[in-house]
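Before any questions on how it binds or moves, here is one chain, the form predicted on its own, in structure tokens.
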Amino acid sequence: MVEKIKVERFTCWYYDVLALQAITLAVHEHEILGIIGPANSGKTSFIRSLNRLNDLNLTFRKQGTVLLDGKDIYAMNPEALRRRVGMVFAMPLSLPMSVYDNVAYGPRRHGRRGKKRLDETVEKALVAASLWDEMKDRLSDSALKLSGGQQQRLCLARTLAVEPEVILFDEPCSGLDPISTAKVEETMLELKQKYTMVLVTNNIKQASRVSDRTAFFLSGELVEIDVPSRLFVTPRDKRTEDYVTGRFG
């Protein structure tokens, strides 16, 4: 399998507090890698390191490497990197503007102009996010009027509009009802044909439903990584077994 992202002995701190310890793993092209673990296990620190959002925290420092297509992301321009590696957060962060302008915001910032071209970009992104049929007659409506599930898919469309290669999801369904969660999961599975994805989730069942492989983090350490059929049924490490069976977490 082609390695899209390769993480090698990545360790990071906030001040002197260790958040991640010597993480080594690869994310394959066109896979969904699930990341599970209890609170303070390092999941969010890890995913935010993949597009250098942790750089915005002045207390953050790191060792080790993160490679994207074989190139060190810490040698890249951060804004250019975040265009290639987009992110969808736990809470929908719709901008206080129309549905159309939410999706067009990123392309406009990157210099895309012309109504026809933007119209095509907006439609393509909404279709990919499974939102076009619901929004095609409501493009001028305020995004803040949408349901939580619709806003989350709108945020996904906004990410897709800048044509990334990798999409990071940080607990994207934590505030959604089961029907909206199922829609987001269905969309993720459809997007796998074109994108590489990393999903941080507190929902073990969600990880088992959508991830091709799942990594279990605990206290900043990668305990093990495997396909769901083994990780959730016959894990190699007792700590993984205790977590997935609900003994802690």
Partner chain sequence: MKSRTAQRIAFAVLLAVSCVVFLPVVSIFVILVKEGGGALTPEFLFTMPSEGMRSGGILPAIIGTLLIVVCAIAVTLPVGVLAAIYLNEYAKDNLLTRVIRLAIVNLAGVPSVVFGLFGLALFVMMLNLGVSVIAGALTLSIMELPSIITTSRNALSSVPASFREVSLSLGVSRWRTIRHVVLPNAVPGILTGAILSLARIAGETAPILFTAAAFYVTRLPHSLSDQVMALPYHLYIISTQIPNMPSKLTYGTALTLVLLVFLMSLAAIILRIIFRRRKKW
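For clarity, every value in this text was computed on a predicted model and none was experimentally measured. Positions refer to the first chain, counted from 1.
One more form of this protein should be noted, the form predicted together with the partner chain, which is absent from this view; the next part is about it.
- Picking from 173-181, 131-139, 116-124, 158-166 the stretch near the partner chain in the predicted complex, with a 4.5 Å limit on heavy atoms, gives 158-166.
- Remark: residue 76 does not count among the residues lining the partner chain in the predicted complex, judged by a heavy atom distance of 4.5 Å or less.
- Proximity of residue 150 to the partner chain in the predicted complex: non-hydrogen atoms within 4.5 Å are absent; the residue sits far from the partner.
- Residue contact with the partner chain in the predicted complex: residue 56 places a heavy atom within 4.5 Å of it.
- Mapping the unseen interface onto this chain, residue 146 falls outside it, with no heavy atom inside 4.5 Å of the partner chain in the predicted complex.
- Applying a 4.5 Å heavy atom cutoff to the partner chain in the predicted complex picks out 79, 82, 83, 85, 86, 87, 89 from 74-91, in order along the sequence.
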